[in-house]
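Encoded as structure tokens, the following chain is the form predicted alone, with no partner shown.
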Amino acid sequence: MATQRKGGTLDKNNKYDRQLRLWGDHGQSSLETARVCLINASATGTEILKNLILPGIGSFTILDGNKVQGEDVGNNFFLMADSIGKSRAQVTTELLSELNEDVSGDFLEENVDDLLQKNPAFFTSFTTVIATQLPERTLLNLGKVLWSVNIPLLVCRCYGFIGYLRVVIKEHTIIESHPDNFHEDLRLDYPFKGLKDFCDSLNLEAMDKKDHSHTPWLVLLYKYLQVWEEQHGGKMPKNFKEKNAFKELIRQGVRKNEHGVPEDEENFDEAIKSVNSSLHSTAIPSEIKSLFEDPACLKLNSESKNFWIMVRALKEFTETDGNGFLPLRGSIPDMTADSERYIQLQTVYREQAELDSVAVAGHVHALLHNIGRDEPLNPHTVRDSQEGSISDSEIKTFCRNSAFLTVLRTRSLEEEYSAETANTEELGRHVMMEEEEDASDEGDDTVLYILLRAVDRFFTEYTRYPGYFNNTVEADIPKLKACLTKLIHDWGLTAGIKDDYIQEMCRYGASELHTVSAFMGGVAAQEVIKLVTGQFVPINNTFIYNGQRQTSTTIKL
């Protein structure tokens, strides 16, 4: 194994400014300590690594026992004509290392099958393993090794105009899932003491024109909710009719000038617009309740992940201090208001969120003590670096995102590839859709996965891919069709796939097009970053790209 040395230091805040806005300093820190292994420096593999080296992964190792051939130079931008005959692992490592001097690059010129047999522990030293262009048997052996130690495996493959990606991981926990759509946690239906005291201290009637038109709309909603609930037996407006009536009640609060014309008070307009999104029931999401009942949460031990210890602490918090609610998120949206009162309102929410976080931390430290993680019961004596401890900053991040916690558990490759445990129901549905004459294009991309599986069967039987040699394209069509028919039969399905697809697969001849590789390189690198940083939700579990129609689909297999 050879190593390309790290370069000098740079101002990383400037260098990585844009991505820091996405996953923060802690996400970047996780990225910079990640160790990634790439199996096969193919066009697809180098495109994936390129998109990981540029944002600054800690180190990478390329495992490839092949020499550079002419076809590699034709589709891989990280290989040149004078590289032909040289170690593909070495040449690509040297050129990829030039992209970012903060990243260390290693290579190992060895056959993956030999290494799996001689030293399978080699693969368990990495944060994530990426496998490209591997045959089925090798892939299953590799998947078994990594599955046993819960190391993520990303399988990526480009075959003609087809892109294929599979995420394989026994369990992946996500605290910062960054949902696209969510309600603000304002607790207007169950206002906490700090919010009540602040809002009750403000008298709308006694305010002058400036203060009245710059009162935060959140306060306005609280005030008029009190009026509404007095008139409706303590109940909030729930349906469309009631919310419209509530909006009218707020609208009547707009002051009028001496001519009886309503003043231009933008904060009241904002309050009316926010009724539908802000007046929702505060409750624990069903997904979080299911985590509370997960065996990993209920049966903690000294080997439990920090995530599950905090989930258990969260469960205990909701049953005691939280009175059935999750910790307050502690943030409020922007709004028309004077700076003084907006900051005061912001402080009210932050202080309550801090109190909730401290309460959860108390449960965390007690649980750590109970399971023998040598955690002192006094959280103020804990240092972030203490072995076995969970830092206060980690707990605060957890509490802030407690409504969006996600656990990803994919199926193993062994389960997917076995005829007894394959997801035949889903596969059969797509085969039937494809067979129907009036079938729409929707969902057809899953058929490409079935064809890739048939291609692997062909390789197992003939030790080459269909159409790999120009003079065998026509002869390989019936052979591939026979492999496909047997595969579908093994799944217990009776439908078939159109001959046009089979002919096209033979015409591809296992070619790896750079345009498809470049696209899949971006997709795969994105999934690696999700896994490494523990942020955003990775795909579950298979992604298929159709380069001919420029469409894609995600399916659980």
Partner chain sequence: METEWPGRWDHLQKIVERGGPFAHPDFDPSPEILSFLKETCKILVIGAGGLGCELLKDLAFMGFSDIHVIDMDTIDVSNLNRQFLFRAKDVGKAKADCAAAFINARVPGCRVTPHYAKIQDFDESFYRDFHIVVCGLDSIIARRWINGMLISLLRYEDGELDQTSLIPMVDGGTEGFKGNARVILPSLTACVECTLGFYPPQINFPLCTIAHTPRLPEHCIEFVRILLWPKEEPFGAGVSIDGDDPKHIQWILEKSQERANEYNISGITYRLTQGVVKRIMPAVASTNAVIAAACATEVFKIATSCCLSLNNYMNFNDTNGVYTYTFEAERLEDCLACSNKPQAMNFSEADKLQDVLTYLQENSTLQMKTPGITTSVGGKNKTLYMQTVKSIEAKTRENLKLSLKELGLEDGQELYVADVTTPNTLTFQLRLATTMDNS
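Numbering follows the first chain given and starts at 1. Here the structure is a predicted model, which is why all the values come from computation and not from measurement.
Not on display, but discussed next: the form predicted in complex with its partner chain.
Undergrad: So which of 506, 528, 62, 57 gets a non-hydrogen atom within 4.5 Å of its partner chain in the model of the complex?
TA: It is 506 that has a heavy atom within 4.5 Å of the partner.
Undergrad: Within 4.5 Å, heavy atoms only, which of 186, 154, 291, 79 is in contact with its partner chain in the model of the complex?
TA: Checking each option against its partner chain in the model of the complex, the one that comes within 4.5 Å is 79.
Undergrad: All three of 27, 171 and 481 touching its partner chain in the model of the complex at 4.5 Å, heavy atom to heavy atom?
TA: No.
Undergrad: Report yes if any heavy atom of residue 228 sits within 4.5 Å of a heavy atom of its partner chain in the model of the complex; otherwise report no.
TA: No, no contact at 4.5 Å.
Undergrad: My question is simply whether residue 491 lines the interface with its partner chain in the model of the complex - judged by any non-hydrogen atom within 4.5 Å.
TA: No, residue 491 is distant from the partner.
Undergrad: So in the model of the complex, does residue 522 come within 4.5 Å of its partner chain, heavy atom to heavy atom?
TA: Yes, residue 522 is a contact residue.
Undergrad: Quick check on residue 204: any heavy atom within 4.5 Å of its partner chain in the model of the complex?
TA: Result no; residue 204 lies far from its partner chain in the model of the complex.
Undergrad: Of 464 to 472, 233 to 241, 146 to 154, 191 to 199, which is the one stretch near its partner chain in the model of the complex, taking non-hydrogen atoms within 4.5 angstroms as near?
TA: It is 464 to 472 that comes within 4.5 Å of the partner.
Undergrad: What residues in 327 to 344 sit within 4.5 Å of its partner chain in the model of the complex, counting heavy atoms only?
TA: Sequence-ordered list: 334, 335, 336, 337, 338, 339, 342, 343.
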